Every structure is written in structure tokens, then in C-alpha cells.
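Shown next as C-alpha cells: one chain only, the form predicted on its own.
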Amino acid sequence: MTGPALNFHGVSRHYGPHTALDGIDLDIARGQRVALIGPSGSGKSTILALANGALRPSEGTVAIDGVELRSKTHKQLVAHRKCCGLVPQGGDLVEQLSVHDNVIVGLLPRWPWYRVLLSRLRVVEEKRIAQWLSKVNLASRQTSRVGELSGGEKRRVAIARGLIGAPNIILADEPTSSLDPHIGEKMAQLIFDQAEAQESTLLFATHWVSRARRLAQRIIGLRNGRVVLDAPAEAVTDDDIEQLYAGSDERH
């Protein structure tokens, strides 16, 4: 495994009086493919934001390859974020731009400034982006404006954008939540396959427990901001899942 290692030690995150994470300790191995599961509000999205450096912990430390994110300079933190492939829960697409222009954003962080400028002046990487759109079943939509797409199509554009740059770390926040089961299954498989092929470290937050148990190497279950389940996927039992989601009907 060659991807970056992620380490969370004594990490808490507070939003005013609300505690999103409460003293968690996690060591994610390089290249490990991990599913984060648990009821809404359990802290899954907060873990992803901390791993990206978009948030800082209220207490504790988050480190990448042994280097604490808080100690990085602004330039180093920007470089770290460039190595992260994000598939945010909301998609975060620019609706006025084409599908092509939204997907190419996943390539820009690693390009020199002149190549970024060139991409704004004329169409570049047309074939490469077409190949990725084919993988997410959107081959015919490359020139379409994102605002014309359905919610599920937008989610697939976000998946293509997050994966196209072959990131060292993939942070996927419920990437298949708005997709029908068949397409959702295919997209989840694509994300895990891509992570395995490029030896990326993957954190995949989801309510699709059955997919998580089948695709991930490791399952981390969160409830009320605490880690209550942490085991190899094949060792997770139905009773473990019942206890984790007790009182919630969100899991699939």
C-alpha cells in the first residue's frame, strides 16, 4: 500500500454547544479502503472535512504521513488538498458551466498555471473526460450545461470530477445517496475499483451498509460522534449493524 496514511488522535470537533466528534482515535493505513457508516449526525462528514484540512479539530491532532495538518504552512496545506479527490455530499458543481468544464476541475490542481489558463481558452482533454463520462454513464452529456441535468446525473458528474485526477486520497461523502439502486451499485464499485487500482487511501461515507460490507476492507461505525465499531468488513455482523443503527431506519 503506497497511499498516504491518515491518523486521528484524541480528535474532537465542536460547533458551539454541539459536539460533532468526541475524542476519536483512528489510524488509517496507506491505501486502505474504508467505509464510514452510522446514523446521520454521527460525525462521518466531519471526519472527511478534517482529513481534507477544510476543518481543524477543536482538540486532538490530524496527521498525514506523520505530519500534523495544523503544523503545515498554507502552501503545504494547499498541496495536500490538491492530492485529495473530493466527492462532496452536495456535489458542489457550477451549474452555468458544461459537464466538461466541471469534470476538468478535478485535473486543474496538478496543472501549471499556463495549462489551467489554456483550459479556459479552448477545449482540452476532451477524450480523457469523455472516457470518464462513459464510466459514469454520461457519455452523451459532455457539452450539456450542468443546470440541465437531473440530481442523479449531477452526482455522477461529481464522481467523475473527484476521480479523474487519480488522487492519493479519495474522500467520498455519501456519493451514491441520490442514485437509483442499480446505478448506485455501479458507481460505488467504480469508486472502490479506482481506489484499489491506483492504491489510493479511500474514506467512503455511506448509509448503504450492504455495499460497505461487500466493497470495503474496513468498516468504521460512528454514533453520536464516537467510534463504536471498527473491524475488518468480513468480521462485521448483523448484530453489530443493528446496534449501530438502533432507533434509526437510514441504513440500506
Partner chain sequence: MSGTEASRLRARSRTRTWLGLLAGLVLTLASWLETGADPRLLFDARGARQAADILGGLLQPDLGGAFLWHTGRLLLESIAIGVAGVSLALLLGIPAALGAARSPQLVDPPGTPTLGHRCRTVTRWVMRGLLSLFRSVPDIVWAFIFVRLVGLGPLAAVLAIAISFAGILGKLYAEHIEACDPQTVRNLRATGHGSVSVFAYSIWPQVRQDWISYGLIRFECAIRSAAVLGVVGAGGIGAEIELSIRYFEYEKLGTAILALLACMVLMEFGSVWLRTRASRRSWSALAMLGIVAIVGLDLPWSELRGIGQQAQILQRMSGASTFSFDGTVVRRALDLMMETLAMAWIATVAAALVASLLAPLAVRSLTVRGYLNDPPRASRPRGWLSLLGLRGLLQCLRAVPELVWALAFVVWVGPGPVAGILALGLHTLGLLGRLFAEVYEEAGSGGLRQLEASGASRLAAWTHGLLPQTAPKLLAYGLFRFEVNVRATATLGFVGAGGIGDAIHTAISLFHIGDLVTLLLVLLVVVIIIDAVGYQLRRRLLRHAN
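Numbering follows the first chain given and starts at 1. Quick caveat, the model's predicted, so the values are computed rather than measured.
FYI, the form predicted together with its partner chain isn't displayed, but the following is about it.
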### Close approach of H74 to its partner chain in the predicted complex, 4.5 Å, heavy atom
yes
### Message
So, P109 and its partner chain: in the predicted complex, are they within 4.5 Å at any heavy atom pair?
### Response
yes
### Query
Do A130 and its partner chain come within 4.5 Å of each other in the predicted complex, heavy atoms counted?
no
### Query
Can any non-hydrogen atom of R122 be found within 4.5 angstroms of its partner chain in the predicted complex?
yes
## Note on the structure
Answer key: of L26, A63, A54, L190, within 4.5 Å of its partner chain in the predicted complex (heavy atoms) is A54
### Task
Work out which of V99, L138, A160, L86 lies within 4.5 Å of its partner chain in the predicted complex, going by heavy atoms.
L86
### Query
For the chain shown here without its partner, which stretch in 223-231, 194-202, 210-218, 63-71 has non-hydrogen atoms within 4.5 angstroms of its partner chain in the predicted complex?
63-71
### Query
At 4.5 angstroms, heavy atoms only, are A5, S45 and E59 all close to its partner chain in the predicted complex?
no
